[in-house]
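Below sits a lone chain in structure tokens, taken as the form predicted on its own.
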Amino acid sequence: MTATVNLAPAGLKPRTRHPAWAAFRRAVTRKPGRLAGLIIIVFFILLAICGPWFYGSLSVDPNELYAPPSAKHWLGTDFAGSDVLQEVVTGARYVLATAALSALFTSLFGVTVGLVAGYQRGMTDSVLMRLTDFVLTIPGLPLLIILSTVWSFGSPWEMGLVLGITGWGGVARAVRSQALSLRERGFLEAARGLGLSRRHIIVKEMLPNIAPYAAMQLMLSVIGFIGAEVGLFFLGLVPFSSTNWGVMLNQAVFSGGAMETSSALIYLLAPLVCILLLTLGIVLFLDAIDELFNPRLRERV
């Protein structure tokens, strides 16, 4: 009969170890830039989730056109008398939700197709890669212009779905390459030798090894999709059915005269600064993600 010896001091509970959380905390706090990136990302996420709850619907005041920054209007007002800060806050939800959904759809489709094609090879690989090639040839911009005659893109789901469906081809190609190299590893040969099912090998054995790469692609996709959706609204290629940063840029330039008068300069700069800050935050945080999932970088530290 064996007895369990408790080495913890009397009166103190033994500490519970969370290796994943400890590694994440070390990777983020190792450099101030990474921590700053995480803070920026969390700030914009909270802004998108909670901001519209406090501001509510956008108000218009014809008596305060182009009002300068003040205690009432921290960033002044635009050409319609609307509070610029309120437009930035309410517009953040659409921009971030669309980018997140687009990146989610892209990762979901791309990782699934790439894993199955890389593991199966043969006819399945050929069919899935021809489908991927077809998706890569779809011109996303003309497709969105055509769909804008049917959809108003008032919901982030609509634009996120279209951007995600047309954007997963590159991820699928990259994941397939990773899957092909993994397929010949010893642990997968052992799994096949043990008679494990194909689904178990792909989901339980291959997917965890692809997950770090997919996480990097997910965050990089967010940057690309933010630029894409803001650019579409700025160029006026989709209807203005919602308030977002792209609509602000379009109206500041083409309706507010921001290129001709300094009165509308804040209205133009406010969404631009938000986009730059959010992009900077993601790039800084990617450094931590890279170290977290890359064993070679961890060994150098």
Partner chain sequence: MTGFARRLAGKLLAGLVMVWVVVTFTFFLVHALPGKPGDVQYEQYIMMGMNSEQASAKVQAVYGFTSHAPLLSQYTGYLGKLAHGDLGQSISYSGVPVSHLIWSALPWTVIPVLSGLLVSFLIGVVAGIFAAVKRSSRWGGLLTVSGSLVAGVPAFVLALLLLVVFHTEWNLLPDAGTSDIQYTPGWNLPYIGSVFQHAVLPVCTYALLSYGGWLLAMKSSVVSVLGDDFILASELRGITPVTRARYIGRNAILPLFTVLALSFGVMFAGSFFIEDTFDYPGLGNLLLKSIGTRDYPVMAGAFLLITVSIIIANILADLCYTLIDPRVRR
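If you're wondering where the values come from, they're calculated on a predicted model, not measured in any experiment. Numbering follows the first chain given and starts at 1.
Not on display, but discussed next: the form predicted in complex with the partner chain.
A single residue from the set L161, A215, L141, L108 has any heavy atom within 4.5 angstroms of the partner chain in the predicted complex; that residue is L141. Taking A174, I145, M219, A97 one by one, only a single residue has any non-hydrogen atom within 4.5 Å of the partner chain in the predicted complex, and it is I145. Contact check for A27: no non-hydrogen atom falls within 4.5 Å of the partner chain in the predicted complex. The closest non-hydrogen atom of C274 lies beyond 4.5 Å of the partner chain in the predicted complex. A residue is said to contact a partner when one of its heavy atoms sits within 4.5 Å of a partner heavy atom; L35 fails this definition for the partner chain in the predicted complex, lying far away. Of the heavy atoms in F44, none are within 4.5 Å of the partner chain in the predicted complex. From the list 67-75, 110-118, 131-139, 97-105, the contact stretch for the partner chain in the predicted complex under a 4.5 Å heavy atom rule is 131-139. Heavy atoms closer than or equal to 4.5 Å to the partner chain in the predicted complex belong, across 221-236, to the residues I223, G227, A228, V230, G231, L232, F234, L235, ordered by sequence position.
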